[in-house]
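The data below hold one chain only, encoded as structure tokens and taken in the form predicted on its own.
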Amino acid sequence: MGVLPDGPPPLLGPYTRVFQADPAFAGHLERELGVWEERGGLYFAESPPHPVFWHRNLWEAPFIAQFDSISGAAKILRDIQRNWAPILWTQFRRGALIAQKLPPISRKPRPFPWVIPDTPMGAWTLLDHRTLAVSADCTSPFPAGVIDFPEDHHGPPSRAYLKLWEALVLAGSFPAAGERCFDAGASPGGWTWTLANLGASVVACDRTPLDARIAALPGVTFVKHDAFTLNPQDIGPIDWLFCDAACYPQRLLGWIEKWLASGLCKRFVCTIKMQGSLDGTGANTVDFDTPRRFAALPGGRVVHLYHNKHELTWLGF
């Protein structure tokens, strides 16, 4: 049998949140959290007073539940909701048996564009052979924060399109035929390729020319220019602004603030290219302040996508 708690008891000591790390950026997450206890890539912590970005998934309402059997553990989860993704760092065999008694979740690559189902995706782990740590409320709708797509090895000129696919799926909104997009720092054209394939009209701007195949796509207009020296009035009203340009985060923020003030665009997807060292000793050189300023912009949020590298993505809607 399984026993649900009457209230949310502490997970480990005083901790009330669980952050799933991206292994490549665990040092950044540790810096953001300050105080934490790590178990197999899961960071048990209190929520700090500032936003935390460097994780794949955040368990927002975790609790502990005791169980006496495999069936009891599975019943606890089934009684809450349908979809659960296990994150196991111990008790692997026992965890696999519990997962077998739950409705299956697909981990196959999903063709783009894909609409996230309304049913939520929870997460769970085993602390020991009788104790579940569970959260039905998670920030990522993808199993364990992971989303894969069938890759196109022929159309796009780079793999950058994958993070735009993920960002649009996460936002739950896609440029449509007849909508006007501005793609800043577009070369070689992976994001422009994505937008044109959705049927949108694209003004692609960069100092370096687009791949010839991308420039020839219907609805694509190329402007050879440094996008950040253009004012919003130079471009005019647009439905979407996209930016995957390599620039300092502070410069991108100042440019986006001009666009927000202009009122000429309402939807934004921008990559915040981080500076500084990735190693534990040099992590203090990373700019943690500017992404927080992005997150404070009206209607915006900052995420570390599964397909991001040393960068974050700002979604402004």
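Note that residue numbering begins at 1 and tracks the sequence as displayed. These numbers were taken from a predicted model, which means no experiment stands behind them.
One more form of this protein exists, namely the form predicted together with a small molecule; it is left out here, but the text below deals with it.
Inset, instruction - Would you check, heavy atoms only and a 4.5 Å threshold, whether residue 246 touches the small molecule in the predicted bound form? - result: The answer is yes: residue 246 has a heavy atom within 4.5 Å of the small molecule.
Inset, instruction - Consider residue 158 of the chain shown here, and say whether it contacts the small molecule in the predicted bound form, taking contact as heavy atoms within 4.5 Å. - result: Yes - in the predicted bound form, heavy atoms of residue 158 and the small molecule come within 4.5 Å of each other.
Legend entry - Contact of residue 273 with the small molecule in the predicted bound form (heavy atom, 4.5 Å): Within the cut-off, so yes.
Legend entry - Touches the small molecule in the predicted bound form: residue 207 (any heavy atom, 4.5 Å): Residue 207: contacts the small molecule in the predicted bound form.
Inset, instruction - Determine which one of 78-86, 173-181, 220-228, 111-119 lies within 4.5 Å of the small molecule in the predicted bound form, judging by heavy atom distances; exactly one does. - result: After filtering at 4.5 Å, what remains is 220-228.
Inset, instruction - Tell me, out of 140, 135, 201, 187, which residue has a non-hydrogen atom within 4.5 angstroms of the small molecule in the predicted bound form. - result: Only one listed residue qualifies here, and that residue is 187.
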